[in-house]
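Let's start with one chain on its own, the form predicted on its own, as structure tokens.
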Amino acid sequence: MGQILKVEDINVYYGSIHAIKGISFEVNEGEIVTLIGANGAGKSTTLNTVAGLLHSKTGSVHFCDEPIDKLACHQIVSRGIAMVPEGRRVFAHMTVQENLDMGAYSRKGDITKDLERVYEQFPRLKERRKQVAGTLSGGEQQMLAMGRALMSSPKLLMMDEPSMGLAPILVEQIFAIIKELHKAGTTILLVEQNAQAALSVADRGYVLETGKIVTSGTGAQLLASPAIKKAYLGG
């Protein structure tokens, strides 16, 4: 199981605010790795830096052994990284089908098989393929955002707060889908405030506090840790 993503010593600023302070971590092929932490800990900033939306003043980001930290976002997508953004951000005035087609914009050739696969994974989307995305429920929009990212046929799927704003029953559904995607061979980097749900599906996790990684371990180790239970799991 080779290393697919290696982030080394990144420092990211918003003006004078030092948001990310020397973070280093890695993701191996076939893993679910989660970044957990309180609001403002730097989780989304880390994902956005990997995706090329933000840039680090130091260090490097390597994907499949090649540096990507100087590449534009669309070049990073074409290398094989897709992101499901926080807040879903579907194209509200376009249909479900058109949103999925947009997910494959960086690809060449026939996308029919990938579309069929997405519809198999998300039968609800198939039922609503001609519906305007803005009229979907929150859970359906989250499924659409996930399906759209999968249409680029990524080697690494990054997900930013997929459970945010969803009812508990839908959160269960979304995490069941994450497990299925993982089982099918998708490598996932997951940012999530719902630490219990994230660590339950993760192979490994990193805990962020005020822009630094303060601890890491397997999902099971972090779930069992008294300090993690007290800080993030209400234990």
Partner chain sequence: MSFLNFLISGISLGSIYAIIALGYTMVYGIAKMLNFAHGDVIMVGAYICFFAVSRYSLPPLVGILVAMVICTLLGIIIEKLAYKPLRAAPSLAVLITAIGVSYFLQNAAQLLWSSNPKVFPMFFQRMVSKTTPDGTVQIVPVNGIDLFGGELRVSYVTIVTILVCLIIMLALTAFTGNTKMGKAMRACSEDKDAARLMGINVNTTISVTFAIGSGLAAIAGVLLCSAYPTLVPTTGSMPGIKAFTAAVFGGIGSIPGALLGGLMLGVIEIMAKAYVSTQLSDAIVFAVLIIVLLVKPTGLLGRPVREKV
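Residue numbers count along the first chain shown, from 1. Bear in mind the structure is a predicted one, so any value in this text is a computation, not a measurement.
If you look for the form predicted together with its partner chain, you will not find it shown, but the lines that follow are about it.
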| property | result |
| --- | --- |
| Interface membership of Ala38, its partner chain in the predicted bound form, 4.5 Å heavy atom rule | no |
| Its partner chain contact in the predicted bound form: Glu116, any heavy atom under 4.5 Å | no |
| Proximity of Ala51 to its partner chain in the predicted bound form, heavy atoms at 4.5 Å | yes |
| 4.5 angstroms heavy atom contact with its partner chain in the predicted bound form for Leu136 | no |
| Site check Arg89, Gly103 and Arg148: each within 4.5 Å of its partner chain in the predicted bound form by heavy atom | yes |
| Interface residues of 48 to 85 toward its partner chain, as seen in the predicted bound form [heavy atoms, 4.5 Å] | Ala51, Leu53, Cys73, His74, Val77, Met83, Pro85 |
